[in-house]
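Before any questions on how it binds or moves, here is one chain, the form predicted on its own, in structure tokens.
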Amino acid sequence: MIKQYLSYALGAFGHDAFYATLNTYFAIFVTSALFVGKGAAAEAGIVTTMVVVIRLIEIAFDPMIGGMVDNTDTKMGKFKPWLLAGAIVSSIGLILMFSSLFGLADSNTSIYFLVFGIVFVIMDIFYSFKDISFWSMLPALSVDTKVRNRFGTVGRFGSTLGSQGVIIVIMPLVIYFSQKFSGTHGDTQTRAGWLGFAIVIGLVSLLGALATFFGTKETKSLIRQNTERTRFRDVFKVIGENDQLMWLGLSYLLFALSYVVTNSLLIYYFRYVIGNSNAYSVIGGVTAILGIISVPLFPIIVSKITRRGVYVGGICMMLVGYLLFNFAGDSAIMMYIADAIFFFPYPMIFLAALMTITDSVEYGQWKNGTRNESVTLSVRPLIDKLAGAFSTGIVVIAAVQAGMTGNAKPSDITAHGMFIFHSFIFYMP
């Protein structure tokens, strides 16, 4: 079992490094490096609008993708073929997104927008297959609640290190590749720097998927045999009739959107409020250490106060973090303290939601008489992508409205711009 736990954790590490890069840092690449100069704000707005619209449309197909995974029957199982194919195509797509698409962003923006739309659609579809198949494996790896909790815990442990590790390496990697390929000096960020960073993340995502592909094994049991082929017209019915899944989904959507917006804008805070973008890397180190502590505590705390206690109590702790954010000003130390309190319960809240959604597979099976693993588990990735899509649009709106685009300096940000920024990063979330 140790091999399976480690393989699943490595897969989660690469998966969430990819997720963080796509949902948090692509908008920063667009506003700070891809489009600079006259008309940059409008062009960045077009790209992010395309991302939001495409994702909102594509999200409606996630349950159908879950149905396709559920209906898959191969010697490798139902999940692994989609996991591998999704990892390969989505990694290539990510690398292309963090480029000018062979100079089209400069020479012909209209063609760039068209090609970007095609690349993003293909990337997002295959990412969905990877996302859904990876997390849908949880109920298939074991039907024992304790073992399932362990898989969920090690998965979250890996994903925490993956997402927070990106925070640590993003600025050093972007600056390193900028200096290596563009001959820049200091902390200048170029397109080449962002492309190099994307290549690294794409490789990490693919290697993590390969670890899960070769290192895990689906269990066979009587309860998992109670499965009928899912008709596409029934996938939304399967979700809609699972009332426990629906209520938790609504709650988790509000939580995830708030967290992703704040987390995505923190790098802007360090660059334009504190005036030291390099200091942002420390956030990754702090949260990675807290994640190492937080995730293993989850089974212990759940045994004392239940998942509901973890979920509600954790959100209350995050609200304390929001309160401290508002008193941080231009102090990096205060931001580290506030973010530590804000982040510490996050992995446990995620696990409480994930494991309850996972257990709702059996609830839906008990209620409706048939088992739908991937359709049910598609709801959590669907919500995360919905939050990510809205977040991408919100981040660009916040940056443009606050004047935090292109080569702007902290001294260029007006008091009104700062109020707008605080409204997006703290008040509304």
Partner chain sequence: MILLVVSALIYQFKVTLSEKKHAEIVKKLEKRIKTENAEKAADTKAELDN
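Keep in mind it's a predicted model, so treat the numbers as computed, not measured. Positions refer to the first chain, counted from 1. For clarity, a rigid core is taken as the largest C-alpha set superposing within 1.5 Å between two forms.
Keep in mind the form predicted together with the partner chain is missing from the figure; the text below concerns it.
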Heavy atoms, 4.5 Å, the partner chain in the predicted complex: which of 104 to 112, 270 to 278, 189 to 197, 315 to 323 makes the cut? Say which one.
315 to 323
Proximity to the partner chain in the predicted complex, single hit among S251, S331, S182, T74 (heavy atom within 4.5 Å):
S251
Among T31, N372, T392, S360, just one has a heavy atom within 4.5 Å of the partner chain in the predicted complex, namely S360
Whether T219 contacts the partner chain in the predicted complex should be assessed with a 4.5 Å heavy atom distance threshold; does it?
no
Partner proximity in the predicted complex: M428 to the partner chain, non-hydrogen atom cutoff 4.5 Å
yes
Under a 4.5 Å heavy atom criterion, is F126 part of the interface with the partner chain in the predicted complex?
no
If you check in the predicted complex, is R308 within 4.5 Å of the partner chain, heavy atoms only?
yes
From first to last in sequence, which residues of 136 to 165 have any non-hydrogen atom within 4.5 angstroms of the partner chain in the predicted complex?
V143, T145, R148
Core-aligned C-alpha movement of K304 between the shown form and the other one, 2 Å or more
yes
Core-aligned C-alpha movement of A387 between the shown form and the other one, 2 Å or more:
yes
Taking the rigid core as reference, does D144 move its C-alpha 2 Å or further between the shown form and the other one?
no
